[in-house]
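Just one chain follows, in the form predicted alone, and it is written as C-alpha cells.
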C-alpha cells in the first residue's frame, strides 16, 4: 500500500484542501489491487458511507491525475480506469467476459526486449503497453 499520509501532505503543500471525498478516493486507490473505473470508485465510496455523485468522482480523479497521483489507463475495452502512478512497472490481464482487470508483474525480460526493439528501430522508447486477455476463474 502506498503511503496515504505522504500523498495528502504533498497535495496540501501544493495549497490544496483535502476534502472528505478526496481523502476517501486516495484511500480507495491505496488499497486497490487493480485499476478502477469511475463507477467502481463511486460504488466503493457508497460502501464506505461517502455519497458523492459521479461528476464529483470524475472531478476528483482529474485533479489527482493533474497532481501526478493517478494515471489513466486504456485497456482496449472503452472503459477508462485509473491507478496510482508509481515506479513499480507492471502490466494488466483483462477478462474478455466480465472485464475484470488484474495487475501482473513482469520479469526483466520485458526490459531486455524493449532495449532490443529500441536498438533495431533506432527509436528512443518512452513507454510501452503490454496487455493480456483471457477468461478469469469466475467466468470459466
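Positions refer to the first chain, counted from 1. Treat the numbers as computed from the prediction; the structure is a model and nothing was measured. By rigid core we mean the largest C-alpha set that fits within 1.5 Å across both forms.
There is another form of this protein, the form predicted in complex with another copy of the chain, and it is not shown here; the text below is about that form.
The closest heavy atom approach of residue 34 to another copy of the chain in the predicted bound form falls outside 4.5 Å. Within 4.5 Å of some heavy atom of another copy of the chain in the predicted bound form lies at least one heavy atom of residue 121.
Although the partner is absent from this view, residue 41 stays clear of another copy of the chain in the predicted bound form, with no non-hydrogen atom inside 4.5 angstroms. Contact annotation for residue 129: at least one heavy atom lies within 4.5 Å of another copy of the chain in the predicted bound form. Residues of just one listed stretch (41 to 49, 23 to 31, 90 to 98, 59 to 67) have heavy atoms within 4.5 Å of another copy of the chain in the predicted bound form: 90 to 98. Contacts to another copy of the chain in the predicted bound form (heavy atom within 4.5 Å) from stretch 48 to 77: 72, 74, 76. Residue 115 shows a C-alpha shift of 2 Å or greater between the shown form and the other one [criterion: core-superposed Cα displacement of 2 Å].
If you fit the rigid core between the shown form and the other one, you'll see the Cα of residue 18 move by less than 2 angstroms. A movement of the C-alpha atom of residue 130 falling short of 2 angstroms is seen between the shown form and the other one when the two forms are aligned on their rigid core.
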